[in-house]
Structure formats: C-alpha cells, structure tokens
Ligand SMILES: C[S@@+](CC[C@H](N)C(=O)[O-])C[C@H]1O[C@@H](n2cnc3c(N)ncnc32)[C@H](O)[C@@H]1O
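In structure tokens, one chain follows: the form predicted on its own.
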C-alpha cells in the first residue's frame, strides 16, 4: 500500500471511516460466499461498455475510487486473477484498506494495489488513465461531489467507462427524517458510540407509521451490522447528499461525460422504464413520446422508492452488445444462485398456449421486477440451449435441424426470448471469440481449493 497520506478530505468523514470502516466485513469469514453485482461484473461490463467485443482480461486497467473494506477489490481481484490486467484501489481510510487487504490475503489474491489517498488527490498521484473506474457510494459523501467527479473524469480513457452509485433522493426520505431527528437529539460532546446507541434506542421503539418502518427492508443490512458502522453511515453521517435523475444528468454532463445506462444493483434498467409501473394505453402512448431522459425521470417518480442510483457514464457514446449469430448468450455470474427460480417458467410454458405470457420473479429480492416470457414454438428448447458456450447462430441451426422449422422462425423466437431476458438483465452477450468469464460458482470453487491447500 502506498504510504502517502490523503491531502484533500473532510476531517470528520475520514475519522468516521477510520473508527467505523464501512461496510462491515470480517476477513476471517472471507470465502464463505461470493456476491457480485452482475452489471459491473466482467460479463456485464463487456456487454454494456464494449458491445460484447472486448476481452476485459487482457490489459484492462481498473480504478476502484473509494474501495472501503474491499467488496469491489475482491470482485475484480477474483475475476482478473492470473491476467495481465491492473487493479488499483484507493481510499482515505487506512483502517478500511487494512480490512480490504486482509480479505484479499485470506483469498490468496495479490493483484490489487492500494493507495491511501482521496479521490481528489488521485489525478496528481501519477496513476495514469483507466478503462474502468468503479466508484460506489463515495461521491455523495464529498463536500464537493462536482470536484470529485471531475477528478475521476480526468483519469478516464477516451473509450473508458465509469460505474457509479450515489444516493437517490426519493427512496431515502425515511433516512433523512431520522437524520434530522438525531441532529435535534444529540449534543456536541457525544461519542460515536453514544450516537449509535441513541439512534438504536429510537429504532427499537419507532412508531408504527413512521416512514423508516415502511422502507425498512431497504436498509436492514446496514442497520444490522454488529459494529454499528452501517447505522452510523445511514443515519449519522456528517456529509450526505442525494440526487434525482435530472440532477444526475446535469451533474454528469457538467463533468464532460454522458450517461450510458441506469440500472439497479440486483435488477436492471426496468426500474427506470415507466411501462414497468403502468401499462394503461393512455399513459403508454405518452411514455412513447418522451426522450430516454424524460422516461427515466418519469419512472423514478412513478416508483418513488429507489434509494440508490446505479449508472454508467463515459466520454464517448457506448453501444450495447447486439443480438447476432456470432454472439454468445450467457447468464450473469450471480444468476447461477437463482437458476432454480427459472425452472417454474419452463413448467408454466409447457402448459401455456402459443402467445401466452408467463410471469414470475427471477430473483428473490424486493426490488426485482417480474420476468415475463412469451410462449413460442421454440421457447422451451431455447431456454434449455443457453449454455454460455455455443453461439446464437449455432443454437439456431441446431434447433432448426431438430424441429424441421426454418432458421428464420427459430431466430424470431430466440430474439424475443433474449429481449425478455435482457429486460431483467438476466443474460449478457459476448462475441464467440471471447472465452467465458468466471461465474460466482467458479470463484467459490477456486476459493475452496485455496483454503484446502
């Protein structure tokens, strides 16, 4: 780890994360499981950032801007193990970096370089430019988020991409009610532990109709951290701002960047699609008249409960991977955990009539929108055929030969299924020349093998 101390930071923010590193992680338990956010996995990034045409294991440079206790460092460290790619992580908390390093050591990973600096120091630290900059849950804690985003933009390659998460205004309404309450109840000389205990006292007796009970499931993980770090970060942080969709557009464009895609951590861009919330023909007709930005603004207001905005940004326009014969369809690396949730769709489709749609939840999360799959002649065979290895063209040819139908008929059914899967971000595309990326199952198997050495 670079020993350079941060130069530009807010004192109370740095002190908070030195005393209460966030999020809570126990390095001794590292390896029991592996969780990723599919959109920022190499599988997802290849699809969304490089049209499925770039092998991100070859010479890619990644900056984790505000690594905290190491979630992203573990993700990219595992996915890029044994490659010539470079991962650099920085944070203003030395304690957080120590935990991140301990987690990597437990996993037998040594392919992440850490720097004890702030985001505002980074452009002058000689780190170079990056293909991908991952900055999750950081910029909204800076006294000047504009300066932070501008600093990152300086280090992004012309064809690179940023993956960013910041707080969303409407879904955090309950949080800001509690924050304001705590400010009225606390006195100046209280320790952080005393503040945590005071906040917990309120949460233990929160009135039934309070907004925090209505939205509690969104924040339970933080509230339950045993060291109080999540509770403090949520309700007692000294520097915390949130954004609406139009504010994000203005902010990003002010830094000389453009929005590429909005998505949610375990769902997809459908949270930002107004048709996800109302299919009334009159409203649908209005939705179709709107620009992409306007539709996203409308969807945020219709949902009313988005608490975190995940989005990607770039300097140059980006094109998503396109359905074509020389592309391979693969599930997201975490979907293997939920493959059993796709099985009921096949059973339901077997009993459905052609043209019927079956619906269900492809992931066990409150914010996961339903998946709708249309019964076509070949849909069941196509669902079985997606293996992450064979190209679209090969699958079409195989099913056409077996069924006696034309390749064009199979292709129409396949493209419909693909689009329905993509609406829930269950699958991604990569070119057939690019070998499969690692899945969560692959990473857990490697970790178990490492532990038994």
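Numbering follows the first chain given and starts at 1. Predicted model, so just to flag it, every value in this text is computed and none were measured.
Omitted from view is the form predicted together with the ligand, to which the following refers.
In the predicted complex, every residue of the candidate spot (67, 93 and 117) has a heavy atom lying within 4.5 Å of the ligand.
Just one listed stretch, out of 118-126, 346-354, 213-221, 180-188, contacts the ligand in the predicted complex at the 4.5 Å heavy atom level, and that stretch is 118-126. The shortest heavy atom separation between residue 172 and the ligand in the predicted complex exceeds 4.5 Å. Residue contact check for residue 136: one or more of its heavy atoms lie within 4.5 Å of the ligand in the predicted complex. Not displayed here, the ligand is kept clear of residue 437 by more than 4.5 Å at the level of heavy atoms in the predicted complex. In the predicted complex, none of the heavy atoms of residue 107 sits within 4.5 Å of a heavy atom of the ligand. A heavy atom within 4.5 Å of the ligand in the predicted complex is found for one listed residue only; from 78, 131, 233, 297, this is 233. 141 is the sole member of 195, 141, 378, 318 with a non-hydrogen atom lying within 4.5 angstroms of the ligand in the predicted complex.
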